[in-house]
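Next up: the same protein chain in two forms, each one alone, written as structure tokens (structure 1, then structure 2).
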Structure 1
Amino acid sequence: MVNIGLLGLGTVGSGVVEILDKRKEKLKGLTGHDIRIKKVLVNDSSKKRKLDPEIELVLDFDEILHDEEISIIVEVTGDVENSYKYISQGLKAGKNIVTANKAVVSKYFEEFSALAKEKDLAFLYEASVAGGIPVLKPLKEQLLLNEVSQVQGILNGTCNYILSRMIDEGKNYHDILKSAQDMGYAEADPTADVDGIDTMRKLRILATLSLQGKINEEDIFMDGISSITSFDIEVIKKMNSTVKLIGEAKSYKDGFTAVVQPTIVPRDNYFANVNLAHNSVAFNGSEVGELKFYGPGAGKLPTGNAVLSDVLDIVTKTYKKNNPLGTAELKNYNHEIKGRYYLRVSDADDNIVRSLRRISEEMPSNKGQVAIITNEIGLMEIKDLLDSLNIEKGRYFLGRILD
């Protein structure tokens, strides 16, 4: 018997329970193990829940930590500081860990990886990046044979769902965000999704693995989609393009560049056809070339499925035991990033219009919204210009143009 202690019974936790319940007998035949959830930790005891009476609901983590029959802790709470405690105490107590919580993985990646190595235990986090898509396991496998020089992707289901429906259906931003929340895609605080924070955390995990050196959260240039307007959508459509929130990290000189930003993608580009809550991750290996992964980036069953794939790797002892994190010292070259950009500013006065004209031709404007397309220019040059003109975050939308 393999006993699991499940932390959290929200969207992902209930997906884990549902799939395991459905596949229990089959898994017993396939793995030779009876895998069951023994205890579930939640916050609120008053919530009505449908749960197999054999699964014990607990409010105190110690009841899982000190249960010697539990060998695997599955952490799907979304809480950062408590889950840091759950994961580190769990590893110290000899429990294998599976988590979908990219916020805690991103913040404590090196510490958890080192602790798991020291204790000879599993620390697996497939569901933390790109929801249901199995991408971290193949990436770790390819890293044994390849140097990976670039990783990029659409990594947030909520943002992709919002942008796809704004472009294709002309829907209102706030209505679609509400619908993404109802579907269980968004984080408890959706600003983490729409401001690019969730994508930045996923890129931090992907980039640190891919480039084999520590790339911190604050090393990543980050912009989100929350200021996009229907005016931007109309202009982007006229460019025969669509818009995606893309995270990208690349080897550059003796270091890297790493950015999360809205990207204007021509209709015939691969990423233009990754729609709704789907995600896609592409990486380049020195031997294998470019690999692309595509699938559901969020949601109860796809994410529950990714969590359980990690559980099965522990049960069948097929997970990679080596510490996959590298020790390269990498310099940050984000200040050298250049590109062509679409920039729209609202409530633009004459001074702003004059300043924008210096870097580009002005485009058609509407109700005080003025938009430009730049020639090749440094990303930081644009950010500095916006700062010097005191144009705060909600008043502009900046998108890199993918040629």
Structure 2
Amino acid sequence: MVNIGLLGLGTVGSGVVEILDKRKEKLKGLTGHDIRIKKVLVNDSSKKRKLDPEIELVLDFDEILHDEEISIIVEVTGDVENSYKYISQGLKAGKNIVTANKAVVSKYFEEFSALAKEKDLAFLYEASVAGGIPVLKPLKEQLLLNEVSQVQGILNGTCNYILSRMIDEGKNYHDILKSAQDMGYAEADPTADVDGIDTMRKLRILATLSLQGKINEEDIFMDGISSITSFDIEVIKKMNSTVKLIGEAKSYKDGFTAVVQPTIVPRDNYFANVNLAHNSVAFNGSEVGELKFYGPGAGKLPTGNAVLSDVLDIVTKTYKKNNPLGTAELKNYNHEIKGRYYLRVSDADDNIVRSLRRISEEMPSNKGQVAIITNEIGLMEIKDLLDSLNIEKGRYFLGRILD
């Protein structure tokens, strides 16, 4: 018997319960083990839920932590402060850990990975990046034979849903955001998604694994989509392109570049066809070449499936016990990033127009909303120029142009 302590019974937690209930007998036949959820940590044990009566609801984490029959803790709370306690105490108490919490993995990646190795336990987090897409396990496997030089992806379903509908329907950002919130694709407070924070956390995990050196959250240049307008969409469509929020990390010299940024993608590019709430991740290996992964980036059952894939790796002892993080000392070269960019500034006076004209190869509009396509220029040069002109974030939209 393999007993699980489940922390959280929200969207992902309920998906874990549902899949495990459906596949119980099949899993027993395939693994030779009865796999069951013994206890679930909840905030309110009086709330009516459709659960197996043998599953015990608890209000105190210690009831799971000190239960010697529980060997695996599945953490799907979405909380950062408490989940740090749950995971660190769980590992110290000899429990294997599975989590879908990208915020806590990103913040404490090295600490948890080292502690798991020290305790000879599993710390697995497949569901923390790209929801239901199996990408972290294949990445770890390829790192045994490959030097990975680049990883990039559409990593946030909320942003991709909003941008896809803006392109396809021509509606404005705020209307689509409201629709996404009504449909459950976006949170009531969408800041973490639309400002790029969620994508940045996932890129931090992917980049640190891929480049085998510590890349912190603050090492990643981050921009979001909250300032995009219908005007920007019309210009982008006239470029025979679409727009995606893409996170990308590359090896560069003796270090790396790492950015999360709206990206204007030609219609014939692979990422142009990743639409609505889907995600995609691609990485380049020295021997295998480019590998692409595509699928649902969130959702109860896809994410629950990713969580249980980690659980099965623990049950069948097929996960690799070594610490997957490398020890390379990597320098941050974001200040050397160059490219062509689309930049739109609203309410631009003559001084702003003159300044922008100096860096532009094309000016699609200079009436009220000034839009330019830049010459090849440093990303930080553009940001410095915007700062020097006192142009606040809400007044401009910046997207790199992918050739």
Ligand code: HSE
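Between two forms, the rigid core is the largest collection of C-alphas that superpose within 1.5 Å. Just so we're on the same page, residue numbers count up from 1 along structure 1's sequence. Keep in mind that what you see is a predicted model, and the values were worked out from it rather than measured.
- Eyeball the pair and call it: which is the form predicted in complex with the named molecule? Here the form predicted in complex with the named molecule corresponds to structure 1.
- Query: Is the C-alpha displacement of R49 equal to or greater than 2 Å between structure 1 and structure 2 once the rigid core has been superposed?
  - Reply: Yes; that C-alpha moves by at least 2 Å between structure 1 and structure 2.
- Cα of D195 displaced 2 Å or more between structure 1 and structure 2, core superposed? No, because once the rigid core is superposed, the C-alpha of D195 moves less than 2 Å between structure 1 and structure 2.
- Rigid core superposition, V151 Cα moves 2 angstroms or more between structure 1 and structure 2: No; V151 is a residue whose C-alpha shifts by less than 2 Å between structure 1 and structure 2 when the cores are overlaid.
- Displacement in Å of the C-alpha of A186 between structure 1 and structure 2, rigid core kept as reference: The shift comes out to 4.0 Å.
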